[in-house]
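Take a look at this single chain in structure tokens; it is the form predicted alone.
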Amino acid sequence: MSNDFDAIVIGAGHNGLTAAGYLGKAGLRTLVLERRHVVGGAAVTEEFHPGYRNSIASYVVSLLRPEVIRDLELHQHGYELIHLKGGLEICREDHLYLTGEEANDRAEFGRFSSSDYDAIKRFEAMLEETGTVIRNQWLREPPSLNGGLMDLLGMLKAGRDMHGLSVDLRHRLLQMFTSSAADIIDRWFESPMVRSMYASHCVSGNNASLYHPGSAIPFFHHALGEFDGEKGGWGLSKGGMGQITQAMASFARSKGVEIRTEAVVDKIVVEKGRATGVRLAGGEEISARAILSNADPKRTFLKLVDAEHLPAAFVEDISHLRMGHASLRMNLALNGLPELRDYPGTEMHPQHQSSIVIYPPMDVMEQNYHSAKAGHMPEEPRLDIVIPSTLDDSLAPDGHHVMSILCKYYPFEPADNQQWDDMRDRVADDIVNHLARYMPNIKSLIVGRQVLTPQDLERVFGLTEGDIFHGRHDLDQIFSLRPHPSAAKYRTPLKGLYLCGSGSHPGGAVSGAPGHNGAKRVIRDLRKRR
């Protein structure tokens, strides 16, 4: 082997770069290996049509930890924030435009219910208070089921956080983890519009029935976020999501980290029961004292490591991890501004600069989940939309725009032996036709588009089954069980191999927390070995 390093990070997604930044900051000689031509993983900005650039996969910011932003000096290295101007919620003939201002929002909800606005304020206050317990665990290792002293201390810290809640809030927290989203929604809200809105919030971060226990967990994604100091806020990165990962890479390089692109890791090299390096697709072998994988658990343990080096029961458990986010990503290049059905005219409205979410009623979203599970396409998909060029003119030619659309639910394996490569354009046309109900001129504006099916997300970004979270956030796949009790503390059953990606605690989304935690574990372990 050549080029001895203290640490090798497999994958230059945002968590891999976060880990590398902390490792370099600690003085460890670190190498990052990225299979694509650009760093960033799914948090990238790319030209998808001549003259039009966009965040082609991940596209909004909220969960990126302020500690990571501070420690890696991201603002000094080019990260700039842009605030979205509220949120436009559309359910068939109904809509809500929410700005966060009480007078506006109370009036908007008042069109559907005399009580739901007050219920929403109580619900969100409950999420904020109970969410503090969860937020406090994000940058901590989850306790091991083996129960050593440090794990006991970790449990005591979590217990202390729980103890700070009232008895009622402890009850509500446990309800949020164990109840179904449908039960929570039914308990709190009365109007069909508001119920569908909250069901849509769960659908965005989940791939499960709304009636499944634990399906309410995604509510915390909306509550735990923080954008520019605003709790629960969402926004954009100027220049796209790639500007975040470019800032991370810039910081890492400033600390001596070496980053290589188009460097495909074929295998993790194991000698005498320990991970000692990696072998690239071209045959080059590089050694290190620690290997950190930012790949998802299935790719890490079932492809990069030969099964003979891992316990058979562990391999069996990993093979049964539930993956898949049922998401399709579309990017549109537009030669003008879309007209909004509920705000006619071609001039710019604040709603153009907001998040725009289009969804069917709650019962149809549930039907869509079951249809996708059977391999079928939805007739009335949920569309999560932003038009970032309305706030950032660096992304498109003057007067032109780019649009991001996250579409759900779309199966990884279509039914009846259909192939995504044969049906991609047809499905995309159906999505655009559906969008045209709410943006009447959209079809006449499209000059180019990029469609990333669930299988494309796997091919392009290495996301097994197109899972943007590296594994579903089900009750038995979070905290001390993510991705497995033997790997939940970032160490894995193979000595010298660590996890630092979204398949480890606290899970998916652009937070940097798994990268932070994985790096901190490696730093402690390497210091002990010196």
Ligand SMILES: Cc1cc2nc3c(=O)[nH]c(=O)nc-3n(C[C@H](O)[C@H](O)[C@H](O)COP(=O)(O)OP(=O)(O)OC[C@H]3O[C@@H](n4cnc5c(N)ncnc54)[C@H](O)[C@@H]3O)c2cc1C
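All residue numbers are counted from 1 along the displayed sequence. Since we're looking at a predicted model, the values are computed, not measured.
Beyond the structure shown, there is the form predicted together with this ligand, which is absent from this document and is the topic of what follows.
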Problem set entry | 4.5 angstroms heavy atom contact with this ligand in the predicted bound form for residue 518 | no
Exercise. Heavy atoms within 4.5 Å of this ligand in the predicted bound form: does residue 35 have any?
Worked result: yes
Exercise. Taking 4.5 angstroms as the cut-off for heavy atoms, does residue 508 touch this ligand in the predicted bound form?
Worked result: yes
For this session: Examine residue 469 and determine whether its closest non-hydrogen atom to this ligand in the predicted bound form is within 4.5 angstroms.
Result: yes
Exercise. Where, among 51 to 59, 23 to 31, 66 to 74, 491 to 499, do residues come within 4.5 Å of this ligand in the predicted bound form by heavy atom distance?
Worked result: 51 to 59
For this session: Identify which of 259, 304, 98, 139 has a heavy atom within 4.5 Å of this ligand in the predicted bound form; exactly one of them does.
Result: 304
Seminar exercise, completed: With the partner omitted here, the residue among 387, 194, 295, 91 that in the predicted bound form has a heavy atom within 4.5 Å of this ligand is 295
For this session: Pull the contact list for 247 to 274: residues with a heavy atom within 4.5 Å of this ligand in the predicted bound form, in sequence order.
Result: 263, 264, 265
